[in-house]
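First, one chain by itself in structure tokens, the form predicted alone.
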Amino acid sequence: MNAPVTQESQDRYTVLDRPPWRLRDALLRWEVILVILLVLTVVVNSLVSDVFLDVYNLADATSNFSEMAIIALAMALLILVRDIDLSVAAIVALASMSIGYAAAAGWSPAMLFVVGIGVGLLCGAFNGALVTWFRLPSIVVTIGTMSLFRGLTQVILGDQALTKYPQPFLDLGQNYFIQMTETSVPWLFVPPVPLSFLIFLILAVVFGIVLHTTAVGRKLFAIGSNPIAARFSGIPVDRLRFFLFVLSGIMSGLAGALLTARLGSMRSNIAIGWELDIVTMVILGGVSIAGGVGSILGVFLAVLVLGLVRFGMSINNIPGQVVSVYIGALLIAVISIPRIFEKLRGWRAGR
């Protein structure tokens, strides 16, 4: 005779969809830690410098890192699926050079953006084809194309600078897309917003919605967690990876157009060294280098933290070499600290 099913036995085998909410777990979320870092960055810099919180200074500061932040959104998706694109800065340079020659030929500002995005698309498709069709490691491929794209720029351009651009194109990068306006409420006003930062905000929302609320996003997490299992589950792994490389190229081309419009000139060393900064933004944002873990919110917060740290150091006349040392050390710390905690937990469990 079967034993009666009691309420106690039913509760014993109840499986929750997610773990119960605990304050300790919420406070230890990486996004919460980044918010704390962001607040500390603002507080420390505002105490050290009187001009840090000036709205126009902050607006200029956002324009200095927005182009890198745009690329970081696409890089986050690549690292999420266990790939990487180290040629992004070289794509920026190649796209910027193409824009310069197109501007000299009399092309319109809208077409200059099309040229930059188109060059980035072709470069991204080239990277994606080598990685997905020929099964080559992405880090090896993009190191090679980094040298290839940068080398093409240096060979074609040489030591000359491209400086002839239509004024409407320059206005897009050098003026505020949204001007500061005061309202009838004393404490409420609309701050100045550069075009590049506005584009970054819009793209961050779009990337966040796609990654965290759609089937495509769930497929990307599945690929990053286990690409072999994802392939046997019917997910088009190589097709999605190819698209992500194309997307990375498009974002790099767009960033190249915005950067060219902001600087008003172009040399072959433009955007050199951006690879480290962009990867640091992504890893600091909580995207695991092993794939399958990460969020766009974390990347967004990491962009603000690094951008404001750089801005604070610059207005306090800290040399750029010190900034580079800080970023490199921060990248190593972000990668190594979680591993150290895992080993400590394993050691305690072994005891």
Partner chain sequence: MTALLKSRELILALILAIAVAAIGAYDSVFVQWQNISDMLTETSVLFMMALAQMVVILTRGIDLSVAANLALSGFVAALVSQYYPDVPLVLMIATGVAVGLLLGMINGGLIAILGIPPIVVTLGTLAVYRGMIIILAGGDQVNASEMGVEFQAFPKQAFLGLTTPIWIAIGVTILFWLFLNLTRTGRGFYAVGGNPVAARYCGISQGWQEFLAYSIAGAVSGLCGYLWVARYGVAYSEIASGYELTVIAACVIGGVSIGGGVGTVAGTVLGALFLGIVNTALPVLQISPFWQMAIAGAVILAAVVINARAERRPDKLILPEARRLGRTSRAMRRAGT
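Positions refer to the first chain, counted from 1. Please read these numbers as outputs of a predicted model, since none were measured by experiment.
Below, we refer to the form predicted in complex with its partner chain, which is not included among the displayed structures.
Residue (of A104, I139, L201, A125) lying close to its partner chain in the predicted bound form, criterion heavy atoms within 4.5 Å
Residue within 4.5 Å of the partner: I139.
Mind telling me which stretch in 94 to 102, 152 to 160, 243 to 251, 111 to 119 gets its heavy atoms within 4.5 Å of its partner chain in the predicted bound form?
Among the candidates, contact is made by 152 to 160.
Should V39 be classed as touching its partner chain in the predicted bound form when contacts are defined as heavy atoms within 4.5 Å?
Close contact is absent here: in the predicted bound form, V39 is far from its partner chain, nothing within 4.5 Å, heavy atoms only.
Exercise: P166 in contact with its partner chain in the predicted bound form, heavy atom 4.5 Å:
Contact check for P166: no, nothing within 4.5 Å of its partner chain in the predicted bound form.
Taking 4.5 angstroms as the cut-off for heavy atoms, does P191 touch its partner chain in the predicted bound form?
No, P191 sits far enough from its partner chain in the predicted bound form that none of its heavy atoms falls within 4.5 Å.
Is S324 near its partner chain? Define near as a heavy atom within 4.5 Å, in the predicted bound form.
The answer is yes: S324 has a heavy atom within 4.5 Å of its partner chain.
Sequence order please: the residues of 321 to 347 with a heavy atom within 4.5 Å of its partner chain in the predicted bound form.
Residues within 4.5 Å: Q321, V322, S324, V325, G328, A329, L331, I332, I335, S336, R339, I340, K343.
Can you tell whether P338 sits closer to or farther from R82 in the predicted bound form than it does here, judged by CA atoms, where the change is 3 Å or more?
Compared with this form, P338 and R82 lie farther apart in the predicted bound form.
Direction of the Cα shift between E275 and L330 in the predicted bound form, where the change is 3 Å or more
Their C-alpha distance grows by at least 3 Å in the predicted bound form.
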